[in-house]
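What follows is a pair of forms of the same protein chain, given separately as structure tokens and numbered structure 1 and structure 2.
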Structure 1
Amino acid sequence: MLEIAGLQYGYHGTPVLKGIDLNVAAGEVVSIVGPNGAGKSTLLKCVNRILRPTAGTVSLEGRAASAYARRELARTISYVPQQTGPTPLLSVIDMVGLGRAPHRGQAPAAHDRAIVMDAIEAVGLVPLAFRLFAELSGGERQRVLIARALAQEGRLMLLDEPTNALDLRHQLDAMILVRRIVRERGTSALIAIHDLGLASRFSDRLVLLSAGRVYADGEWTSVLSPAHLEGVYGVTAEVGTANGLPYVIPKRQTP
């Protein structure tokens, strides 16, 4: 689905990504983890060309992302942004409807309407469809953004910190929702996320970024070894499973 090779990017000459290689197969959920500033969000933005990589290639389904027209790319990749900035005065249904923007004129309006309603139904927001986005709780807002990405119908979904600022219950909600969407639709997801436990539990693979490079890539048990965590985060940590669920407990900073 997604193949990234030798990807580089810098803000104003300061390199942020220093040659990233990463693949996401169809039907796979891959999480990018790593410390603040490692380049997780930047990597996502390079994939859907919100940012233009300075070197390297991103290809989608065998074709270079740079060869896609803007709208075509928006039909291929759905994006769930971090929640920042002023909250808009749009209703839930209008927010989700924006996901159809790259499809406008491609199918009858009735088709677009049906997909918007499907998306709202899929995330369980039917009762709130006409509420203003600004009136919703953080967890509900996250579901709206995921519904918008659903309506966008991309075969790859990028999620930027989808559990940030959510309580425990809603963190679970969001991750279970993403997992379910990928399973039901046969799409893929690439998630930038801080929470190592959630990432391990809900992803097929983890990619550990450190200072703009891939430090480790694979199943969580191999990626999140205590040695890796010490090398990347500078902490000693206990990693294990409890009742089959992964956990990571940071113990202390290493000098």
Structure 2
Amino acid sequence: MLEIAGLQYGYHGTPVLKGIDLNVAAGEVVSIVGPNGAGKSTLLKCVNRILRPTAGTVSLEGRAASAYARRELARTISYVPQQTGPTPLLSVIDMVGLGRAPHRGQAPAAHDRAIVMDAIEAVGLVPLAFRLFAELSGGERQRVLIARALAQEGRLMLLDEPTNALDLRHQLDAMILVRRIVRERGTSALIAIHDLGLASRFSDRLVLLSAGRVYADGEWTSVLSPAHLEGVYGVTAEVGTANGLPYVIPKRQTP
């Protein structure tokens, strides 16, 4: 689905991504983890052509992402950004409806409305459907953005901190939903996330970034080793499973 080779990017002459190689297969959930400033969000923005890489290539389904027209790219990639920028004066249903913009003209309006309402129901926002987006809490807004991405129906979902501002129940709901959508639709998901426990539980693979490079890539048990966590995060940590669920507990900083 996605192939990234030698990807580089920098801000104002400062390198952020320093040669990223990464593949995501169809039907796979891959989470990008790493400390602040490692390049997780920048990587997603380069895949989605919000940022233009300074070197390297991004391919979608065997075709260069740069060859996609913007509308075609928006039908291929669904994107959940971190909450930044001004708050639109739109209702929840209209915000989620923006996800159908790349598809308009290809299907009847009734079909689009059905998809929008299904997405709103999937994230538990039916009671808020006609509330203004600006009136919602941070967690509720995040769920709206996830619903908008579902309505967009991209074959690749890019999610930048999708559990940000969500309470424990809705963090779990969001990750279960992404996992289910990928399984049922045969799509793929690339997630930038800080929560190592959630990432480990719901991802097929983890990619650990450090200072703009891939430090480790594989199953969580190998990527989140105590040695890797100390090398990247500068902490000693206890890593294990309890009742079959993975956990990572930081214990102390290392010199």
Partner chain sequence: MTVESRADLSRKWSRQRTRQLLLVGLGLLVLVSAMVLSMSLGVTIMRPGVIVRAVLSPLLPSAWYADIPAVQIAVLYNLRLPRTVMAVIGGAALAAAGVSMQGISRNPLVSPYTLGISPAAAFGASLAILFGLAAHPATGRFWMVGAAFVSALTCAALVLGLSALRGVTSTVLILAGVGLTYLFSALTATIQFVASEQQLAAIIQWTFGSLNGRTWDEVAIAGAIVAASLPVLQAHAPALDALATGGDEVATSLGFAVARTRLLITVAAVLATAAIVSFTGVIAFVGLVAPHIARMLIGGNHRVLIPFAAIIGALLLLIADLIGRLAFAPIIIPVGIVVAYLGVPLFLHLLLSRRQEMLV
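Treat the numbers as computed from the prediction; the structure is a model and nothing was measured. All residue numbers here follow the sequence of structure 1, with the first residue given the number 1. For clarity, a rigid core is taken as the largest C-alpha set superposing within 1.5 Å between two forms.
- Both panels show the same chain in isolation, but it is structure 1 that comes from the form predicted together with its partner chain.
- Residue 98: CA moves less than 2 Å between the two structures after rigid-core fitting.
- Comparison between the two structures places the CA of residue 142 2.6 angstrom away from its other position, after core fitting.
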